[in-house]
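Here you get one chain, nothing else, as structure tokens; it is the form predicted alone.
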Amino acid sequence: MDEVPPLDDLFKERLVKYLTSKNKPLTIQGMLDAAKERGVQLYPVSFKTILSNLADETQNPKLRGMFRMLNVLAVSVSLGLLGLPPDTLLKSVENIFSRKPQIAEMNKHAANYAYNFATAKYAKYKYQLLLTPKEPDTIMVQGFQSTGLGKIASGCRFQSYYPITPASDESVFLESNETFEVENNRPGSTMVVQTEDEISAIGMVIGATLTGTRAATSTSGPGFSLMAEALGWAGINEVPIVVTLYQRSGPSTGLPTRHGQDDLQFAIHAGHGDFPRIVYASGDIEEGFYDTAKCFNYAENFQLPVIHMMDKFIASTVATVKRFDPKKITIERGKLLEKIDTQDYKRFAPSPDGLSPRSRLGLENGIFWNTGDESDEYGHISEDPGNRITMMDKRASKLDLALKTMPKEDQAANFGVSEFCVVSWGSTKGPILDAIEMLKKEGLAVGFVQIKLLQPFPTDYLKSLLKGTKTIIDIEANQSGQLGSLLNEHLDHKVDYYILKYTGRSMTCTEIYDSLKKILQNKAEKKQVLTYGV
């Protein structure tokens, strides 16, 4: 076991303790024997032997040392055991190596050989991957692609970014699809710029937005930290920008390639001073597409920054979903002016709804000033106390307007309320729904409310949903229960139980099921910490 370099020292310590308790040698064979005793079915395969046999069969001695083919062999043996028809495997291999026909043929031959080897030598595994008919209007998509496609469909035509995990994938995807077809075969494009740092990225987005362009940036926690000052500049100048925030585990670099929901309170409070922003969270890949469009509409309708919360779990998940329908997306530009007749334009003039008609750079008669200082109706610096009160209250009133005008179903999704009710946000949605379905089969009822609008907090709507609930259970992927803090702040009923996970590993339905069942049986601690995953 000491000869396996990737094993983390702390994990190795736990493994040694476990194998010793089972009287197993500290070897790979010891690990396999322990796994077998737990019910794992083992299939010993010598890939060296397969390569050797392939070399003899094809009279190509070079194949004996082609260890780079081990991935293809391993996948092929596995699919042979699982019974997936070989045509699917061979077509996939051909697609992957489509630019190198000779290598494609070599790998197809190896895949076919390994597949047949597995089916001939071993009995079929009890769980089989049988082909199912493809449902109409379905696509296979990865999480970061859903927001990227959402930006294209929503009319976003500028995105800046600095590389950071896991947000970079979205911008790279946009770079690969910068030119596309819009309605009536008209070409469209999105300019994507990799900047020198995140400060520049948000600065460019603000500049692009001031021209009237729909613009966004994509980042993760450490990058968002650098954006905080400019976020306040956008707030005081009522610039409608969108920041897609893909969370990972912090603080600092934390677990850079792992999952977390650590940035909720940070997103709500980022930046110094009081200024309004909307914080909105998607719960899955499909929501990511349509919510992206909503976030742009919120930003422009209310003229403020919108932070769209995603996370590593959603970004990295590949799922089959119903084909996204751009026709369901509406583009609302708010009070963006196309023409100004008066020569006395006041960019920040007070109005009954707190929203001032918005000019853009270059619009005739639409001259306006922006500054990081407090300003008057024209945008000129002013420290007058009366003006300060007027402008602060004007900006703050937008949050009340958002709560009044935003559809209730966009504020929170109600999956049924019961005496015991889970309240959560983001990517916990999937495993929570699965766990509730598992409990339902045993005759146990648990409700679930998914909060999507996190700032401003939909207090009145949540109170109405949870009116008959006796036990509130907060489930989220952070250490401090950040959503729970919001619930305790805004609701009369405090959180009764917390189910939290902050190992960097995503939640599973089975561990949520176990934790909820303990609560239903009155056997749970107030705070349960989930640990599944290595």
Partner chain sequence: MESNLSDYKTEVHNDWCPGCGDFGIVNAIQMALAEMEIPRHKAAIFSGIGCSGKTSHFVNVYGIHTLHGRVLTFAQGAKLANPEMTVVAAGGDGDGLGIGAGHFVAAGRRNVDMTYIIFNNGVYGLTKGQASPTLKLGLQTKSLPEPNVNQAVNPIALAVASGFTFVARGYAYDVRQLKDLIIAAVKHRGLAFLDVLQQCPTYNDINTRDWFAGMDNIDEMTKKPRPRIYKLEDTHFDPVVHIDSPDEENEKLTQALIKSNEWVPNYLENPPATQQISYKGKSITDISRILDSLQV
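Note that the rigid core is defined as the largest set of C-alphas that superpose within 1.5 Å between two forms. Since we're looking at a predicted model, the values are computed, not measured. Numbering follows the first chain given and starts at 1.
Another form, the form predicted in complex with its partner chain, is not on view; read the next lines as being about it.
Contact flag, residue 233 vs its partner chain in the predicted bound form, heavy atom cut 4.5 Å: Answer yes; at least one heavy atom of residue 233 falls within 4.5 Å of its partner chain in the predicted bound form.
Exercise: residue 409 in contact with its partner chain in the predicted bound form, heavy atom 4.5 Å: Close contact is absent here: in the predicted bound form, residue 409 is far from its partner chain, nothing within 4.5 Å, heavy atoms only.
Contact of residue 391 with its partner chain in the predicted bound form (heavy atom, 4.5 Å): Outside the cut-off, so no.
Exercise: residue 339 in contact with its partner chain in the predicted bound form, heavy atom 4.5 Å: Outside the cut-off, so no.
Candidate site 32, 450 and 478: all three near its partner chain in the predicted bound form by heavy atom within 4.5 Å: Spot residues vs its partner chain: no contact at all.
396, 129, 182, 255 - the one with a heavy atom within 4.5 Å of its partner chain in the predicted bound form: By the 4.5 Å heavy-atom cutoff, the listed residue in contact is 182.
Partner-contacting position among 96, 139, 401, 103 - heavy atom within 4.5 Å of its partner chain in the predicted bound form: None of the other options qualify; the answer is 139.
Answer range among 440-448, 79-87, 424-432, 319-327 for contact with its partner chain, defined in the predicted bound form as heavy atoms within 4.5 Å: Checking each option against the 4.5 Å cut-off leaves 319-327.
Stretch 147-162 - residues with a heavy atom within 4.5 Å of its partner chain in the predicted bound form: Stretch hits, in order: 149, 152, 153, 154, 155, 157, 158.
Shift of residue 132 between the shown form and the other one at or above 2 Å (CA, core fit): For residue 132, whose C-alpha is compared between the shown form and the other one after core superposition, the shift is 2 Å or more.
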